[in-house]
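Alright, two takes on the same chain below, each alone as structure tokens: structure 1 and structure 2.
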Structure 1
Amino acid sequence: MQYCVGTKVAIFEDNKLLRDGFEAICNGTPGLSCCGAYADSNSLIHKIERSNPDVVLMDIEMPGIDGITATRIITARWPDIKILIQTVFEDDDKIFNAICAGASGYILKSTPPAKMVEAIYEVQNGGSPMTPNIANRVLRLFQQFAPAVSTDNENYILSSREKEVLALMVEGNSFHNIASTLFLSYETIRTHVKRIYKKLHVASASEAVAKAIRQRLV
């Protein structure tokens, strides 16, 4: 697997055993490094400024400022930082609130280390990694809360291949899974995704998925 070169990861996790484990995984993976590991998100601005991460692994349930509030603060102040929520919860409200706060991905803490590394790589490259159960819940939430929007005044000219890629994104597939499903290279999928973003006037996978569902594009 290809990894991001020099991707710095900050970890917010109140469980020391998990925090140390996540730190070891990041520091032991080529191209990744842990730039800060914190037991809470108090003094959040100082911690982010000091660690200067590319990606944040964020726990939801922490003492003091919770992970969803911290996510909202980070995305408002540093929109280029990608936030990957890690939690033991599959609660619909927490999932919906985390995504609305600006989280780029949402995975369970039980995710195997290799999959966690893949999720960090994915989110850094503009994807929205989610475990299958979470992806299914997110899809249902979007379908429930995002009414159809008329596309009479908008003309999104997606190729048949781009529609295939977008449909698989809506199902919660990672870029690697999409590449495997369509028998294409990872870089080819990234190229298709970039074109989709440009045509839909969006900047992330979550925005593309939301627009696809709202406007019935796939």
Structure 2
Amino acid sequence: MQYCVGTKVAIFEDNKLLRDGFEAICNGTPGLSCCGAYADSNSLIHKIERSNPDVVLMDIEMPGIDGITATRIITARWPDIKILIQTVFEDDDKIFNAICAGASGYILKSTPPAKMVEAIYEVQNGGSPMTPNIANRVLRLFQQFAPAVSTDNENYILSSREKEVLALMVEGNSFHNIASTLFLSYETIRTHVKRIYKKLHVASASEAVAKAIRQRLV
């Protein structure tokens, strides 16, 4: 285990040449350092705990636990760790599953080192670097799954306070809870709720919640 500074990158890649190459690239880049380079995802949790990375460079095709499963495990346990998937394939199913597993980026192995380093910086800063082709597939997947919700787009203009209340309703809070959360009177919340119902053309909390989620009002 070496001393690590800046953004700590852990590498999961079964090909030793590539693995060593990535490690060299990381350690050779100011602000980056490799805190672990592994050939497989065995003892995954232990490896992550020991290396304590900010970003994980994850190969999808690995012996044993595959990269997508590993991604799912890591994001479930460490939501703040960014995972950059890298692969030789760009098929829809893998992309879809990787995204659902919580990947923050998806790049091809053919990506030149300079772009790869840039990608690591981007995930670290909340971005989601994707090879343009991958991005295109994501958009197409999205269009494929979205029409179910993009139906009646009435323009509901809720005030900021109303949106706030609605958001808390979606989380399942009672009006009393919402009141104490926002440091407001219970009756005030009820007034807001009544207005929300009028604006959304609904008559119950469940309906409001359903509409809020479906139309992404919160």
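Here the structure is a predicted model, which means the values were calculated and not measured. When a residue number appears, read it as a position in the sequence of structure 1, where counting begins at 1. Only the largest set of C-alpha atoms that superpose within 1.5 Å between the two forms is called the rigid core.
The form predicted in complex with the DNA appears here as structure 2; structure 1 is the other form of the chain. After superposition on the rigid core, the Cα of D66 moves by less than 2 Å between structures 1 and 2. Here K198 counts as shifted, since its C-alpha moves by at least 2 Å between structures 1 and 2 after the core is aligned. Core-superposed comparison between structures 1 and 2: the Cα of L18 travels less than 2 Å. We note a C-alpha movement of 25.6 Å at E164 between structures 1 and 2, with the rigid core held in register.
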